[in-house]
Each structure stands twice: as structure tokens, then as C-alpha cells.
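Here we start with a single chain on its own, the form predicted on its own, put down as C-alpha cells.
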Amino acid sequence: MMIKKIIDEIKSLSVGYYILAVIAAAGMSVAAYRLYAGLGATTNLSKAFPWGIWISFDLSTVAFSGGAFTLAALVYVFHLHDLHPAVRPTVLAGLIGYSSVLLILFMDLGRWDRFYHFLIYPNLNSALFEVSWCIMLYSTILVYELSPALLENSRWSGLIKVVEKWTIPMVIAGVTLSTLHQSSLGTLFVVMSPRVHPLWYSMLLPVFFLISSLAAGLAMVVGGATLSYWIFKRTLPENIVAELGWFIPWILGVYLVLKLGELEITDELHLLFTSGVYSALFITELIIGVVIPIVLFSIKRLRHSRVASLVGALFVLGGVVLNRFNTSWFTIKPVAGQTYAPSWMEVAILIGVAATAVLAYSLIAHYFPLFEETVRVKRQSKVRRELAHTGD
């Protein structure tokens, strides 16, 4: 009976789940071969370019996952409890994001069988040592924060009260860890000054990475609210989405002032117009990821529009992706004439991991009470019709 029930449940899933499962399986098959054959046979990474598309992807994904610690801080530390309905979906997105990062890092290690060495052979002078510990500990905290949703309809539901008792201390620890590693990722490139282009190199890179992760995290929540509206037929109340969107122009405004101000102070502002393709990349990054979103989210009417807020969120995320790729790949100075372009296996593994992440999120959202505080689309539409009728 149990097997039949499982088979029937699998059959009831939409075709999208099957497509994601096939893509994920194909990508994971290539990943297994990479672990067997080694980096040299499967990637175009080298001593001149030890970091490639995988690291750029990880830097972007970590920034996107910043919504979990940003929202947790707003709700549990600053007591903006109206935002609480967004916590569970956002924490799950953060956990899935960090899991994807850890999986890609596992692929990126030359000696993947020694991934645990940072635990027993600490290098206290390495920024990567701090990043590794923070990501590992924060991923554990995300599991803790999500556990009430996983336990709610199980025989262990009694543990929820114990978990909730320690939620605020765990959130504070998580915010601290996130702040540390989001900024430390920028520190990794501070020590690469000979190879990072002056438009992106700055002693403030840790600050830039942290601030942009705050904007990216909020953009993920705003964009995810619209996507869940279409996919899961559950969404956040419109006023909550607009309230979250209100923070974005302020964060991006601080980022823009610091970014341009640092170039002015270091007498490098002229590089904006004299660096050829690098100037184009930098200006495009600022226009897409900063200027346009500031304009969109500054207009109240657009913040209350699901389509406009989604567009604004996509601009923010696109700008962050371009920034991370620019910093870690596109503008890195070649060594001895060597260049880097990812192999098809690197891309296949990346697509497989992304498909696995989307599939995992969709399945958890399907079977667990992730959106219990959100508004049903049909009910929301009915309320709007009733209000409109009353107004007449």
C-alpha cells in the first residue's frame, strides 16, 4: 500500500517536476565523472585561473541567499512582525542557496576527498578559513530556523516549542555569521589587487559585498512573492511586498554613494570613461543593478504592482550577478597571456545544481507548510472584488 501511494503521488506531480529531475540527474552524472576524472580532465581551470564560473556562481548565490538573514533581522531583531509571513519561504530559499554553494565548492576542490581539512587543520590567516566556518555554521542555523515548518505535521511537532524558545538567539548568531562571511567574500579579492581591475578593486570591497547582498536578498523576497503568486497560488500580502521594496532604494543609494565616492577619493573616477570595455561593464552594472531599481522602487505605485516589483527585483539581481562575475572573472587580468572560458562540463554541472535547487525548493514547498501565513490567490482576488463592489 505504501509503495502504491508513493507511485500515485509521483504520478500526480506536474511535468515541470520531471523536467527538472531529468536536468538535475544529467548534471549530477557529469558531476560524478568530474570527481572521478579530476579537474584537469573536466574543466578549463588552471594555475593562472584557479577560480572560474563556479566561483562566480557561488558569489552570486551567496548574495541572493542574503534575504534569509536580512529578513530574519528585520522580523526578530527589529520587530517588524508584519513581515513574518515571508520568513519561511525566504529561509528555505537561503538554505537551498547555501546548499547549492556548498555543492559547487565541493566540485571546485582539487582534493574533494579532503573537504573537511579546514575543520582539523585551521589556517587562521586565511579569509577562506573564516568563510568556510561561517557558511557551514550559518547553513546549520538555517536548518534550525526552518525546522518548525518541517516538524509541524510530524510526530515530533512537540519539539517546535523548544525550537521557538531559542529562535531569537539563533537568529542573532545567524545575522552575525552572515555579516562576517558576506563581507569576507569581498576580502578575498582585496588580496588580489594586482589582478583585479581598478574600477572594481577597493579596500571597501568587503563593505560593497555586504551592502549589495542586503539589496539582493530583499530583491529575492520581492521577486519570489510574485513567482509564488503564479506557481504556488500563494503569495505575500501586497502591502508587505511593497514594504520590503521600500528598503531597496535606500540600500542601493548608500551603495552608489560609496562606490562613486571611493573612486573620487582615490582619483580613479576618470576610469569610468577611459577603460574601454571595462568602463562599459562598470556603467552597465550600475545602471542595471542600482540606478533603474532605485527609480522603480522609489515610486509607491510601482512598489504595489506585482509585475513592476518583479521587474525591479530582476534588475537588482542582474546587477549583482554582473558585479560578482565582473569582480571574479570578466575583469581579472590574464597571467602570461592565458585566458579562461568554462568547459561544457563546468556549465553542465552548474545547470544540474541549479535544477536540483529549484526542484528541492518546489518539492518542499509542495509538501510542507511553507506558505501557511501567506494569502491564497483566489481568496485575495475575491476580497479585492468585494472591496471594489463596496466602493461602488
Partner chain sequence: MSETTSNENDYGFLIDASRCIDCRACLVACSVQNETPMETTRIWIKETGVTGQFPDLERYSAPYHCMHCEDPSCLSACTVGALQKGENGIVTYDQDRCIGCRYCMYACPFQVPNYEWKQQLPLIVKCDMCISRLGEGESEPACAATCPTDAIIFGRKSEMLAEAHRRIEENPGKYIDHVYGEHENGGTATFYVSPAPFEDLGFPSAGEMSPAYSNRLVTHGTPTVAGAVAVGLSSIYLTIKHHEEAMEALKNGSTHEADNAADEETQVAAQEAA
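Numbering follows the first chain given and starts at 1. Quick caveat, the model's predicted, so the values are computed rather than measured.
There is another form of this protein, the form predicted together with its partner chain, and it is not shown here; the text below is about that form.
- Between its partner chain and the residues Pro148, Gly318, Pro249, Pro206, the one pair within 4.5 Å by heavy atoms in the model of the complex involves Pro206.
- Checking Val311, Val77, Leu271, Val143 against its partner chain in the model of the complex, a heavy atom within 4.5 Å turns up for just one residue: Val77.
- Residue contact with its partner chain in the model of the complex: Asn153 places no heavy atom within 4.5 Å of it.
- Of the heavy atoms in Glu130, some are within 4.5 Å of its partner chain in the model of the complex.
- In the model of the complex, at least one heavy atom of Ala37 sits within 4.5 Å of a heavy atom of its partner chain.
- Among residues of the shown chain, Arg114 is one whose heavy atoms approach its partner chain to within 4.5 Å in the model of the complex.
- Comment: 182 to 190 is the region of 261 to 269, 287 to 295, 182 to 190, 232 to 240 lying near its partner chain in the model of the complex, near meaning a non-hydrogen atom within 4.5 Å.
- Annotation for 95 to 112: interface residues with its partner chain in the model of the complex are Asp108, Leu109, Gly110, Arg111, Trp112 [heavy atom within 4.5 Å].
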